[in-house]
Ligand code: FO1
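Before any questions on how it binds or moves, here is one chain, the form predicted alone, in structure tokens.
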Amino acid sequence: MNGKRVETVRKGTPAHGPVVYWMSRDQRAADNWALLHARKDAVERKCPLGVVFCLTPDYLGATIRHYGFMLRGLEETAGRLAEKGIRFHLLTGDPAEEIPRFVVEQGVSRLVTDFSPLRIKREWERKVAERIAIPFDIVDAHNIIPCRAASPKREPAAYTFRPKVRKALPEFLTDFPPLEEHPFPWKGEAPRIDWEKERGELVVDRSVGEVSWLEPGERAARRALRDFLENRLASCYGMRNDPNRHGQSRLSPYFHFGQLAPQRAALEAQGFDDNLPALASFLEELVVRRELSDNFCFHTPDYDRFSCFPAWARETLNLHRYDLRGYLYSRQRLEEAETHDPLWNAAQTEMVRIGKMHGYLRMYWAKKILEWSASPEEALDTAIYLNDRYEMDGRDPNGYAGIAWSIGGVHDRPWPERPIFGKVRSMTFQGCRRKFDVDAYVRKVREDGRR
């Protein structure tokens, strides 16, 4: 494994005890650099290896839609780890308290976790590092090019980030070694986890129901990847902006929950080079755009606030802060899809119903929230709230960066000035009509709701 993936946040000489991988963002047994790093250390020191996941019931507004999908995926992962002689522990509570307690109780000798650029995980890591006395490593198992290695600063746009990605890609886009059976067992009986009980007793918002169209878990993720590459990749180029056609991969929930490694997707996609424009388009989204979002959140701790917008966007939005709005909608009316715009209502309805919205419509959706809100701050808060509450891939760097692009010009440039938007790029209903059959999309959403 490339050493640039690893950041040691606490040094020390480990005692002879279990090595533990605190799984968080990358919820899989296969193709996981953090797990492989932990296993390598455990093998070298002839120690048991374990994986611990800490369930946080109030995580950034997640509902049973997200927890149910995640727990079913973790159940599969726990079984796959057991087959390799790796024990899985499920904790519940604040990770900043539960992880240090587990380290002491189990006599853990080294702690490893996976990388996330979000504030909440970085704060947990800081507190855990303060409360333990053993070596502690953070491994970027999510990005193909480790976020810290990709760029030392916040990149202003994809055109500045793309050359760095292309230069570094040959060093990091390598295949994963297989996860071998661990030869040093954890002493004592493995804890029994009643997964159905865990799902049933979890105290979370259950008003947003689980989805049936998406199967959770590592195996389902690999099947979905293979289905996309074999059946839709070749036709996705040129139709990705039409929500009436299946021109997107639909893999983002698997990436978000870490049930599929983006690096695995990139490696598999390279075998489908008979349609180079489609492959290039897919890799642009998978590598450049997705990892640019991690770069944004990592180097911008206020990634969900007005202050994160570039200076030109803050200035222009402030100049137009008090422009007359043709419509003003409360968060409740937006959530219930009660606007004058049938396209926006259909997109919002589909997101609430099935937990996904087409990528092109997500941009239109967020920009209209800016147009119909009393301030950019209110628009930003509303868009994040709705996205994180309903989208299967909510609470993700891609979501924060996408909303900041739509409302605050992040990773974009100034455009001709307009009311309300100022120089931030706008999108219109008529512009969407020129892209695709709006009426057909609205009818489809209505008909799906009657079934």
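Small disclaimer: the values here were computed from a predicted structure and weren't measured. Residues carry their position along the shown sequence, with the first being 1.
Note that the form predicted in complex with the ligand isn't included here; everything after this is about it.
- At least one heavy atom of residue 23 is located within 4.5 Å of the ligand in the predicted bound form.
- The closest non-hydrogen atom of residue 394 lies within 4.5 Å of the ligand in the predicted bound form.
- Contact annotation for residue 257: at least one heavy atom lies within 4.5 Å of the ligand in the predicted bound form.
- Using a 4.5 Å cutoff between non-hydrogen atoms, residue 28 does not count as a contact of the ligand in the predicted bound form.
- The partner is absent here; in the predicted bound form, the one residue of 62, 36, 386, 420 having a heavy atom within 4.5 Å of the ligand is 62.
- With the partner omitted here, the residue from 172, 124, 372, 303 that has a non-hydrogen atom within 4.5 angstroms of the ligand in the predicted bound form is 124.
- In plain terms, the part of the chain that comes close to the ligand in the predicted bound form, with a heavy atom within 4.5 Å, is 67-75 out of 305-313, 187-195, 144-152, 67-75.
- Residues of 97-134 lying near the ligand in the predicted bound form, listed in sequence order, are 116, 118, 124, the criterion being any heavy atom within 4.5 Å.
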